[in-house]
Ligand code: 13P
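Below, in structure tokens: the form predicted on its own, a single chain.
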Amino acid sequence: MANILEAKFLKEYCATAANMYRLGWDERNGGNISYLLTEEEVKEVLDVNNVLRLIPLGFDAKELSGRYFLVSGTGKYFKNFVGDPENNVGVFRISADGQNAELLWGYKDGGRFTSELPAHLMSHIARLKADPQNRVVMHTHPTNLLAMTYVHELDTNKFTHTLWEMNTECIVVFPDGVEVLPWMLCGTNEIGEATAEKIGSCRTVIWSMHGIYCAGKDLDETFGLVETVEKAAQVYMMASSVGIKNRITEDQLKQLAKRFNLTYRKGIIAE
């Protein structure tokens, strides 16, 4: 059996977390990442019959029973993942009754998964129904996007329209747009349910005055989605502070959609 510390999925996960911390998206212990692993990936590095302990989930995740996840720990700093993954992240399987996480590795110091796990698992359920290839859910606090929620109208269509106008690649990278939630108490099933309801049809959900939830097929795609939304928000914050005189027009957005054969979200651009 191979050493899990040499597993590609763990190395990539830790490197991604370190990069997010470096960019200032995940201050202190802010942010969390969940990665749906295949049974084959896990069996290469772990004995799946050796359950270290059970950790109650706090909600019914029976739709994911038997599935394996790599998830960041509560109170853990992204900057420490590379140097000490076993204390900062964990691999677990959802129990048959959907009530517990069966810990297979990690959280060595007695810790547990992020408090945002309900929102993550609910989002995984929703995304797997929309696209079975989606395996990553990423929550982070990009600085400019966070600032934008303080100065821009919190309307899904208007917010999406503004982001699309800020960079030519935006409608190409996220043609499904973004969803915007009002401020809600974090770490609750309620915000998890609200996020899952939106993320089923849109891979990007913005938590106003808090951060962003994104889903994708792998770590690179999901990170790139956050990166693109954040760049657009940065351009908006910089340009709006001095006065925006030029924008990508709706006609130009349509040209982009035609050029890249995009099926973009309806209701954002006038038809």
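The structure displayed is predicted, hence computed values, not measured ones. The first residue of the shown sequence is 1; numbering continues from there.
In what follows, reference is made to the form predicted in complex with this ligand, a form of this protein that is not presented.
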(request) Just one of 98-106, 192-200, 139-147, 162-170 has residues with a heavy atom within 4.5 Å of this ligand in the predicted complex, so point it out. (result) 139-147
(request) With this ligand left out of view, choose which of G73, P85, P118, P175 has a non-hydrogen atom within 4.5 angstroms of it in the predicted complex. (result) G73
(request) Consider the chain as shown here, without its partner, and state which of S240, T38, S65, N29 has a heavy atom within 4.5 Å of this ligand in the predicted complex. (result) N29
(message) Quick check on T114: any heavy atom within 4.5 Å of this ligand in the predicted complex?
(response) yes
(request) Give a yes or no for H210: in the predicted complex, does one of its heavy atoms lie within 4.5 Å of a heavy atom belonging to this ligand? (result) yes
